[in-house]
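In structure tokens, the next block holds one chain alone, the form predicted alone.
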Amino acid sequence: MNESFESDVPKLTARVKAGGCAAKLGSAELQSILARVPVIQSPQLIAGIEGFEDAAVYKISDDLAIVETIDFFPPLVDDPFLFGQIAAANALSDVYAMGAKPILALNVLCFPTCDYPMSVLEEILKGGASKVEESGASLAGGHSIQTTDPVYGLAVTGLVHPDKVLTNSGARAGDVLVLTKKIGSGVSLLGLKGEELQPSSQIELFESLTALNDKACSIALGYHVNGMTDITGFGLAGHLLEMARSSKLVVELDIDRVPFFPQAAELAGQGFVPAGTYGNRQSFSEFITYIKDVNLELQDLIFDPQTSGGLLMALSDRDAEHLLRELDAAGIVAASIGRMLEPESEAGHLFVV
């Protein structure tokens, strides 16, 4: 957009209370509601709502299952093309987190045509289409409605062998936890909105937010991965706890090994903390024990809602060592951040060391 055009158009984030995955409902609230909603089961449903999986998996035959997901959110950046890219990468990630390959995507679009020119809508859709094309999937239409605020995302279908589905419930005691992508995107985006994020930090943030998890998934599938999920709106702590509960284990997180975005701790210390962080803290704090002193900034960052985050994989020591080498050789940010352990009493707990 040229400067004169920009001056006449409100910023995409101008009225947004929470953008990206920070706009998600809190885990505790969501579980309370879903507990009262009937669950319709099927023998063909391999993964559904019960385990808070990243996507649903439905068995078609002995050697074919479909993976189905939908993800959408309000703008987290003002550039419409970039917004489209981030939203699409985020939605596609749920398919990769199940060890599947995306084949088909549909646009999910809410747009206030009275407030923005159609050229803004066009750029959002072009940004999303660019990521779908990069994934190798087909974009086959979608659905749109008029709303007061922009919202965009995708419904995505993928394919996987029924015996090769990866879930957050498959981790085993002793497994090493490997994380791809850095943590702190929610804090960083709020710092960006407050004009405190440096240009170099912006570049690294946007490269991460728009990066597909396809290569990391493909490399991981060369090893015996026991469990996998992606890190999104419930933050690192929330998704670690989901894996622990589903696998009936506990997690030991080495906070010093977690890779954070540049300036993230500094910005958190300055108060650039999304509201979703406090929602995550409220939902998960009672299940977390800090073995050593962890400053408030780092605590905020493990609760920070992530958008288009990385993959979290549980696998043996030996496989984790080789996987990390291969990910590094491919230029993919990755780190060993902790371990799954047998519970001494109750499963589903996170110990931060």
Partner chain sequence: MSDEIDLRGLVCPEPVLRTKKLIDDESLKQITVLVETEINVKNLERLAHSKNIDLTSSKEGEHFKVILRRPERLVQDSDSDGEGRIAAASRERAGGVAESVGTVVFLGKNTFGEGDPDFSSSLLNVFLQTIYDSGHRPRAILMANSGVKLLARDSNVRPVLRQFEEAGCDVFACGLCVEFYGLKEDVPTEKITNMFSIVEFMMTADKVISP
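Predicted model only: the values in this text are computed from it and were never measured. Positions refer to the first chain, counted from 1.
Quick note: we don't show the form predicted together with the partner chain, though the next part is all about it.
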#### Entry: Non-hydrogen atom within 4.5 Å of the partner chain in the predicted complex for each of 136, 143 and 210
no
### Task
Look at the stretches 100-108, 224-232, 266-274, 253-261 and give the one with heavy atoms within 4.5 Å of the partner chain in the predicted complex.
266-274
### Query
Does residue 292 reach the partner chain in the predicted complex if we count a contact as any heavy atom within 4.5 Å?
yes
### Query
So, in the predicted complex, is residue 300 in contact with the partner chain at a 4.5 angstroms heavy atom limit?
yes
### Query
Even though the partner chain is not shown here, does residue 296 get within 4.5 Å of it in the predicted complex, heavy atoms only?
yes
### Task
Using a 4.5 Å heavy atom cut-off, state whether residue 286 contacts the partner chain in the predicted complex.
yes
### Query
Of the residues 236, 124, 190, 244, which one places a heavy atom within 4.5 Å of the partner chain in the predicted complex?
190
## Note on the structure
Only hit among 341, 16, 335, 9 for heavy atom within 4.5 Å of the partner chain in the predicted complex is 16
